[in-house]
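Here we start with a single chain on its own, the form predicted on its own, put down as structure tokens.
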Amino acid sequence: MRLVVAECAARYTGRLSAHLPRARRLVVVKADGSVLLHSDGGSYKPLNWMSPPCSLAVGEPDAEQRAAGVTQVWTVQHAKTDDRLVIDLYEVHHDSAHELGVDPGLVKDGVEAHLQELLAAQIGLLGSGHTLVRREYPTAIGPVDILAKAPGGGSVAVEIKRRGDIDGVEQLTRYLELLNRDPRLSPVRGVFAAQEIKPQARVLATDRGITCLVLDYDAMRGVDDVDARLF
């Protein structure tokens, strides 16, 4: 992983156009090829990024850019789309590379981890015809709990919580924004699944087109037979 702290500006073109004016930022280049631009705020969410498969080319600035103080021009081109991220580097304050090795991935504890395992085994709870792609589907900003294929085409990203609140909906929204950039997966719709979903979270999810799914932990484990209930 390469970490660069620099005065930089960036331009993103493709499915959308965006511009970041000059400021001091952290540029992260990961071993999988992804490139992320971070500020000192915004928690873990990058200001902009390019997901793999992509390539990074380092070029020289033209005369106009050099006169403005640009020392390097990084061009990050997606391999399968026209999406492109161009980063103009001015002053570089730090540049280092680190070998992190193979990461074992996030291991969830307790009920939440078991809910993920159970839902993956009972993927039909999302609706008839859905098929599991994988658990812990990796993205540049963290793994999605479950990724599934919808029977009519497209994908379904599932975020699982024990108790669903607004933060969980926001987390799923960020995953959806990223996954919908991948033409192999899009369109990607979201499912927010939890044992209990707070009213505010349900309202926000509905407003963003995200489906809410209440999970019955005992029924999924086979402890409670919902069909045998009197009420």
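One rule holds for the numbers: they count along the sequence shown, beginning at 1. Since this is a predicted model, take the numbers as computed values, not measurements.
Separately, the form predicted in complex with the DNA exists; it is not shown, and the next lines address it.
Of the stretches 180 to 188, 167 to 175, 61 to 69, 38 to 46, only 38 to 46 has residues with a heavy atom within 4.5 Å of the DNA in the predicted bound form. Taken together, 57, 74 and 208 are entirely out of contact with the DNA in the predicted bound form: none brings a heavy atom within 4.5 Å.
Among heavy atoms of residue 15, some come within 4.5 Å of the DNA in the predicted bound form. Using a 4.5 Å cutoff between non-hydrogen atoms, residue 51 counts as a contact of the DNA in the predicted bound form.
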